[in-house]
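The chain below stands alone, shown as structure tokens; this is the form predicted alone.
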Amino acid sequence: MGKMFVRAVAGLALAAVAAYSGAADAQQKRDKIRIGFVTFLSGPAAGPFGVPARLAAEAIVEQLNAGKVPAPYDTKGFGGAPLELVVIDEAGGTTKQVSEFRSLVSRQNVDYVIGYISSGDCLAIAPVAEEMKKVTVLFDCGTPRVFEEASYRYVFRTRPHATMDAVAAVRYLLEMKPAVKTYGGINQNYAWGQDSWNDFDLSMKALKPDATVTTSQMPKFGSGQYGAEISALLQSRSDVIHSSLWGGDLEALMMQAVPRGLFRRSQLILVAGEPYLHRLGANMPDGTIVGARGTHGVFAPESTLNTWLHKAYRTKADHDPNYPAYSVALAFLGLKAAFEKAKLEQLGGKGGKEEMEKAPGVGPGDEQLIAAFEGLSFDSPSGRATMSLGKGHQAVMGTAYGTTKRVGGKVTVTNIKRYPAEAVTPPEGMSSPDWIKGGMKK
């Protein structure tokens, strides 16, 4: 009986080795890593967000494949394996995006998916990625509900969620204008706009309880015409107007509101305003408070990685990288850091760049990659990010706000103030509304 048991165990061990070897052989035959990349290529969100994201993805992949990214990312591709992009347009709504995602996985045979700017798309895609067991990195969408209302194994988000936008905006506002008495808002009537306004309103109630709400305008996404909302905001005579509008909606609002003098009376806060600094020109009023959901774009710290991203992006565009480009860099570098951490463990934990590049076809399985990704800290052009929320699947980092000022015909940002992650982000296991209502304790 003992010998039979030993032989059975030995047989199982040999089978396990064979299965592992087969998996390794299959990986060695793979000559590239295919990444599905989803961003807005058409529609009003393409210009300020989607196209810069695509340009950044293309530049970063070229740099990675050439081994020209600064350390610790100087290994070619991912662990020596070259990358190939499969680019998909995010326009068309959630039903279309779910169909496109399924096609990326089942027909395009991508290894990983990086994408999504719209909060609605992220909420729709996350459960599908889980169902199809495809490692997916959300690079931009803001809603905190992705990981606060659900738990995922295959889904990661490598940039902070949007609660920090509203909390930091209120902290900055009250430092700059502590005498604020009234505030209103204009936000798109879907997940992102609703979350942003609710977080801002709750933060004002917590930090400035004597201030009162005048009006909350909620036009539908893609409305494009805001005459009635602008009239309501003018009549409200609010000290402050909060807006999370983005894409063509924000550009349309500004072109319609600035000539009517709305922001001569009211302090404007654009929580996602950084991508428009070079686009709006005269329609970006001096004194506008702008943010970038992190230390991205004009708020990025000086570093070798930041200098690299500027130069790489400039090869594709006629302007500096804005925060969607930084978000893309976070996604690719975070996934690369996790992949190579897992691969080094697969190779015995010894060596580094040279050893990985000698075995470009060998790579971690999804379970190994996920284990390496959870709780990971990694450097980026925006600074250091840590996957510390959502059971290790949601990144946190600090953020910054500033005030616009036109200098020599160019919109610049002055009075920049920075806020650490713990001052603007709820801790693990606590929802954003509950944390804000509880006084935003660090």
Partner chain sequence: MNQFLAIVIDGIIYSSWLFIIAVGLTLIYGVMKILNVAHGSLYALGAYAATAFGGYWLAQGYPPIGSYGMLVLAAVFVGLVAGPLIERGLLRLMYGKDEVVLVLVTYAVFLILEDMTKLAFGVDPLSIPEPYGLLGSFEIGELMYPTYSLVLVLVSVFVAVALALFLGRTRHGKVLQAVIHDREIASAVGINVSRVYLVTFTAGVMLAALGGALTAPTISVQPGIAAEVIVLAFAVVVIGGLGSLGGAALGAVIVGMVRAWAVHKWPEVELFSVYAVMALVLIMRPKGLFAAPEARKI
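The structure displayed is predicted, hence computed values, not measured ones. Take the two forms, superpose them, and find the largest set of C-alpha atoms that agree within 1.5 Å; that set is the rigid core. Numbering follows the first chain given and starts at 1.
Quick note: we don't show the form predicted in complex with its partner chain, though the next part is all about it.
For its partner chain in the predicted complex, the listed stretch (380-388, 60-68, 47-55, 398-406) containing residues with heavy atoms inside 4.5 Å is 47-55. Heavy atoms of residue 287 never reach within 4.5 Å of its partner chain in the predicted complex, leaving it off the interface.
Using a 4.5 angstroms limit between non-hydrogen atoms, residue 72 is distant from its partner chain in the predicted complex.
Its partner chain is not shown here, but in the predicted complex it comes within 4.5 Å of a heavy atom of residue 232. Looking at residue 314, you'd find every heavy atom of it more than 4.5 angstroms from its partner chain in the predicted complex. The partner is absent here; in the predicted complex, the one residue of 365, 219, 82, 352 having a heavy atom within 4.5 Å of its partner chain is 219. Contact annotation: of the candidates 252, 298, 174, 213, the single residue with a non-hydrogen atom within 4.5 angstroms of its partner chain in the predicted complex is 252.
For the three marked residues, 42, 225 and 256, a heavy atom of each sits within 4.5 Å of its partner chain in the predicted complex. Residues from 174-209 that approach its partner chain in the predicted complex with a non-hydrogen atom within 4.5 Å are limited to 189. In the core-superposed comparison between the shown form and the other one, the C-alpha atom of residue 82 has shifted by less than 2 angstroms.
Once both forms are fitted on their core, a CA shift of 2 Å or more is seen for residue 221 between the shown form and the other one.
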